[in-house]
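Given next, in C-alpha cells, is a single chain: the form predicted alone.
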C-alpha cells in the first residue's frame, strides 16, 4: 500500500519516536540514526528479524528500546527467519485470527558482515521466493561486533584488525568493496536504495516510496562507526556528509531495475577530506603519503560516476 506522506523538507519528518533513547550501542553510531529515521516512516507495526551483529546489543532480554517486535537469529539466517514470520502473519490473516489492519511489516536488520557475506545465500533464496519484506543493512564496512575484522564491504585502502598495512601490503585492505546493490538488482526485486543518516529527507522519501511495492526491498545505510573507524563520535555528522560530497557513497535507488541517483553534488570534494577524518586511513598519509593508493581510490570514484553519466 502506498504511503500518503511525501517527504520534501525536514518539517515533513514525523516527531514520533519508535526507538527509545539509552541504547547500549556505541555513541555516535551512524547506523542507529539511519534506523531511527527508517522506523519513523514504517510506523509502529514492525517485526525486526535481527541477524547477529552490532545491533544485537539493541535488544538485550528482557529489555528493548523498540516499540515494535523483535526476533533474534544467527548471522546467516535472518532472511529465513523473516520468511517464517511473514508466512505466520499471512496464515493468521487468512484464518481470520489477525485483522488485515493489524498486519505488521517484516524487516531484516543486519550488518554488512551478514548482508555481504554470511547470509547472502539465505537472502538470495528469500528474493527468489519474492518474500514481502524490508531489508535494512547498516553498513559499517567491517565485522564490527567481533572486533572490526575485514568484511567484503571493507573499502580498498582501509585498515581493519585482519587487514593491517604492512611492508607487502601498504594499502591495508587490498580488495575492493563488493557491490551488493548490483547483486540485489540482478535478482530483480521491486525496490533497492542506498541511504545516509545525514540526508534524512532523501532517506524518508525512499522508505515511503518503497511501501507501495510488494516483495523484497533493500536499504543499504551508510553507517559511520566511531569505534571501528577510529574517530571522535562528534564527527559522525561530518563524515556522513563528506562520504556523499566526495562521491564515495552514492545516493541512489532502483525501481524494478531502473537506477536513478537521488542526489549528486554539483561539485565533488577531494576524497582526502573524507579519508583524513578517520584513523583507519591514517596509514595512507603517515608516516609516508601513499600517493599511488590515493590515486587508485580517486580513480575508483571517477570510474563509478563516469559509468553512470553515460
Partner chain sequence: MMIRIRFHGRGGHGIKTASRIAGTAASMEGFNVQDFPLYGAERRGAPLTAYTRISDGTIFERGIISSPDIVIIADDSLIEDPMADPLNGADTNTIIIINTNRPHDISEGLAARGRVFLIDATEISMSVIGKGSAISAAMGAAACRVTGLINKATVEKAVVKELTSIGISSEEIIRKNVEVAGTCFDSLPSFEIITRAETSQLLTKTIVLPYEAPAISTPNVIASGNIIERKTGKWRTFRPVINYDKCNHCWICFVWCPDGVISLDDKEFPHIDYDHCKGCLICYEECPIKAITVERESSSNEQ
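Keep in mind it's a predicted model, so treat the numbers as computed, not measured. Positions refer to the first chain, counted from 1.
Just so you know, the form predicted together with the partner chain exists too; it's not on screen, but the next bit is about it.
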Q.
Using a 4.5 Å heavy atom cut-off, which residue among 257, 43, 265, 27 comes into contact with the partner chain in the predicted bound form?
A. 27
**Q.** Joint contact, 182, 220 and 302 to the partner chain in the predicted bound form, by non-hydrogen atom at 4.5 Å
**A.** no
**Q.** Interface stretch in the predicted bound form with the partner chain - options 97-105, 120-128, 167-175, 190-198, non-hydrogen atom within 4.5 Å
**A.** 190-198
**Q.** residue 244, heavy atom within 4.5 angstroms of the partner chain in the predicted bound form
**A.** no
Q) Is the gap between residue 155 and the partner chain in the predicted bound form 4.5 Å or less for some heavy atom pair? A) no
Q.
At 4.5 Å between heavy atoms, is residue 276 in contact with the partner chain in the predicted bound form?
A. no
Q) Heavy atoms within 4.5 Å of the partner chain in the predicted bound form: does residue 226 have any? A) yes
Q. Across 40-58, which residues bring a heavy atom to within 4.5 Å of the partner chain in the predicted bound form?
A. 40, 57, 58
